[in-house]
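One chain is shown next in structure tokens, namely the form predicted alone.
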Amino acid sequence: MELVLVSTPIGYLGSGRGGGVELTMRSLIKGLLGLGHKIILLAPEGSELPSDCAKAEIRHVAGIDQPSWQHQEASAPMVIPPDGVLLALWEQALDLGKSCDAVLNFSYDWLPIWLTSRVDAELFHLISMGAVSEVMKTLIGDLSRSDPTRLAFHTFRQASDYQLSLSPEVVGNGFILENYAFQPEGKGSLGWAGRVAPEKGLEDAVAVAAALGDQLIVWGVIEDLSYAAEVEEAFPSGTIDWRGFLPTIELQKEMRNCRALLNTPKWNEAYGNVVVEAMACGVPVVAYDRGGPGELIQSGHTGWLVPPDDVDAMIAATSRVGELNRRECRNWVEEKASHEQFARRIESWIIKGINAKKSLELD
């Protein structure tokens, strides 16, 4: 097939601002290329693809970043910035959609969802977040009732945030496993990775490290400087080792030495890329049993799941990570989350949606 992929309008690829969507897109592009599909990627100016995705064509689009729903109230209205990149991306996507087999949307925003039933192009949406916006919740629910084949989700827990007409299409996620080296022993510090923002719950992970007399290595873009400063000031000096945002190769070199990764979201994570990245290195994960990570971690085997927001339970579980076999972590990722498996699931979903539409047209 000839597929057009439309990137997130929140920052260029490689900036880290797009969060897990950036990693998802890279893995999927590599996987789809391996299946023989032609890929055209529409992405904000400055975006880059790694060498293993060089066969994909990338077209850069100028415009102002779209505000993220993550940083707005659930009841906030839709926002359309002057000269916004979201509009520019979809102007090109609809033009290409006239001749390609399908357009795959990665942005969690209103416009592509709203357009789906109003244009002839074959639009598909991989929903990247839970229902953090009432606008998005309504639009996704409406599309589910009119054409549920156009929607896919990363986990069942994420999909449960929405009022869907049918059982959801759940495709998981995928990772380029050769980029993650398995480390059979981990005696280093504790780790935490993600956007540094209140909804990620960094303060709970720091509290665990402090209680155990340990240091917490933190990787990720600091989106909220005042929040990061407040967290650091609340604990003994030196408890946090800030490492910033690192590309995958550099990140896994550091992460694989950790004895455990802590995952402390305060919201319903759609999936939990960092959970799988850690396990790909053999690092067990101690996480709140909330959202996507609850479907990824086999408690007592690849990590521990504890009640949401229960810091004491997380301290107790973290002290037991030495009981776990790190090989089980890597095995789970190889069996469930390779980029090849992910690409095949996406391919199957798109073909099923196209065929369903053809069947309706024949009727």
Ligand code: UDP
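This structure is a prediction, so every number in the text was calculated from the model and none was measured. In this text, residue numbers run from 1 along the sequence as written.
Missing here is the form predicted together with uridine-5'-diphosphate; even so, the following discussion is about that form.
Residue (of Arg195, Arg259, Arg290, His125) lying close to uridine-5'-diphosphate in the predicted complex, criterion heavy atoms within 4.5 Å: Of Arg195, Arg259, Arg290, His125, the residue with a heavy atom within 4.5 Å of uridine-5'-diphosphate in the predicted complex is Arg195.
So which of Ser144, Thr116, Asn273, Asn179 gets a non-hydrogen atom within 4.5 Å of uridine-5'-diphosphate in the predicted complex? Of Ser144, Thr116, Asn273, Asn179, the residue with a heavy atom within 4.5 Å of uridine-5'-diphosphate in the predicted complex is Asn273.
Options 18-26, 336-344, 351-359, 5-13; stretch whose heavy atom lies within 4.5 Å of uridine-5'-diphosphate in the predicted complex: It is the stretch 18-26.
Would Glu269 sit within 4.5 Å of uridine-5'-diphosphate in the predicted complex, counting heavy atoms only? Judged by the heavy-atom cut-off of 4.5 Å, Glu269 is in contact with uridine-5'-diphosphate in the predicted complex.
Using the partner position in the predicted complex, report whether Phe245 sits within 4.5 Å of uridine-5'-diphosphate, counting heavy atoms only. Close contact exists here: in the predicted complex, Phe245 approaches uridine-5'-diphosphate to within 4.5 Å, heavy atoms only.
is_contact(Gly220, uridine-5'-diphosphate) in the predicted complex, heavy atom dist at most 4.5 Å: Yes - in the predicted complex, heavy atoms of Gly220 and uridine-5'-diphosphate come within 4.5 Å of each other.
Mark Asp109 yes when one of its heavy atoms lies within 4.5 Å of a heavy atom of uridine-5'-diphosphate in the predicted complex, and no otherwise. No.
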